[in-house]
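Let's start with one chain on its own, the form predicted on its own, as C-alpha cells.
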C-alpha cells in the first residue's frame, strides 16, 4: 500500500503555527518522523490562511524536500499554488492533491498535472457536493478518468478518493465507501484508490482505533493507498497485517521486513 503521510497539514494548529512563524525545526521534525515511519509520500498542505497559502506552501516545500528523499504530495486549493510549488520540487516524482468532478477544477488542474507528469488525487465529489452512494461515486470516477485520459494523463497516475465521511454523522456511508472502492478497482484496471483515513473517526473517542480498523476494511476492499498518520501507534502494523491477511503480501515478506525495520513499535 502507498502511504501518503498526512501530518504536515495546516489544519493542525501546530503546523499552522510553524508555517506562520517559519519554524523550520518543527517542520523538519515532522518530516523525519514520517519518513522514518515508512511513508511513501509526504503530504504538504499550507491552506490554513488563503491569503498566504502559496507563500507558505512554497516555503514548506523547500524545507521538507531538504530533509527527506521521499516525493511530495502537494495539497493546494489553487492552480497558481500548484504551479509555484512544482517549480520548486526537485524530485522526479510528485503528486498533486487534488481535483474533483467539478468542471472548474478539471479545467484548471488537469493541464498542470499533464505537463508535470504528476500523480493526481481525484476526489469523488462534484458540483452537487459530497457523494451519497456507490453509483454517484462511480459516475464521478468515470468522468475524472475520461477527462484525465483526454489530457494525456494515464490511469495509472490517478488516485481516486471515495470521500470518507465521519462515522458519527453518516454511519450508512461506511458501506458505500467500501463498495465503491471494490467496484472502482474492478472496473478501472490500473487506477489507484486512496482516502483521507482520519475522517472516519472524527468526533468519536478512540479515534485511532477506528482509523486502524477501517484501514483494514479498505485494504480488504482493494484500496492501495491511504492518506494517514504513519506515526500513530500500531498504524503501520495494522497496514502490513491487513495486507498479509488479504493475500496482498506473498509469503508475508513485507510484513516480516517491516517488523525487522522496527515499524511495528516496541509492542509489535
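Numbering follows the first chain given and starts at 1. Only a predicted model underlies this, so the values are computations on that prediction, with no experimental measurement involved.
What comes next is about the form predicted in complex with another copy of the chain, which does not appear here.
Novice: Could you check which residue among 187, 175, 78, 91 gets a heavy atom within 4.5 Å of another copy of the chain in the predicted bound form?
Specialist: In short, 175.
Novice: Hey, in the predicted bound form, is residue 23 touching another copy of the chain, heavy atoms inside 4.5 Å?
Specialist: Result no; residue 23 lies far from another copy of the chain in the predicted bound form.
Novice: With a cut-off of 4.5 Å between heavy atoms, is residue 16 one of the residues that contacts another copy of the chain in the predicted bound form?
Specialist: No - in the predicted bound form, heavy atoms of residue 16 and another copy of the chain never come within 4.5 Å of each other.
Novice: Using 4.5 Å between non-hydrogen atoms, is residue 254 touching another copy of the chain in the predicted bound form?
Specialist: Although another copy of the chain is absent here, residue 254 would stay clear of it in the predicted bound form, with no heavy atoms inside 4.5 Å.
Novice: Report yes if any heavy atom of residue 67 sits within 4.5 Å of a heavy atom of another copy of the chain in the predicted bound form; otherwise report no.
Specialist: Judged by the heavy-atom cut-off of 4.5 Å, residue 67 is well away from another copy of the chain in the predicted bound form.
Novice: Can you pick the stretch from 215 to 223, 41 to 49, 56 to 64, 26 to 34 whose heavy atoms fall within 4.5 Å of another copy of the chain in the predicted bound form?
Specialist: Looking at the partner contacts, the answer comes out as 215 to 223.
Novice: Can you name the residues of 228 to 250 that have a heavy atom within 4.5 Å of another copy of the chain in the predicted bound form?
Specialist: Contacting residues: 234, 237, 238, 241, 242, 244, 245, 246.
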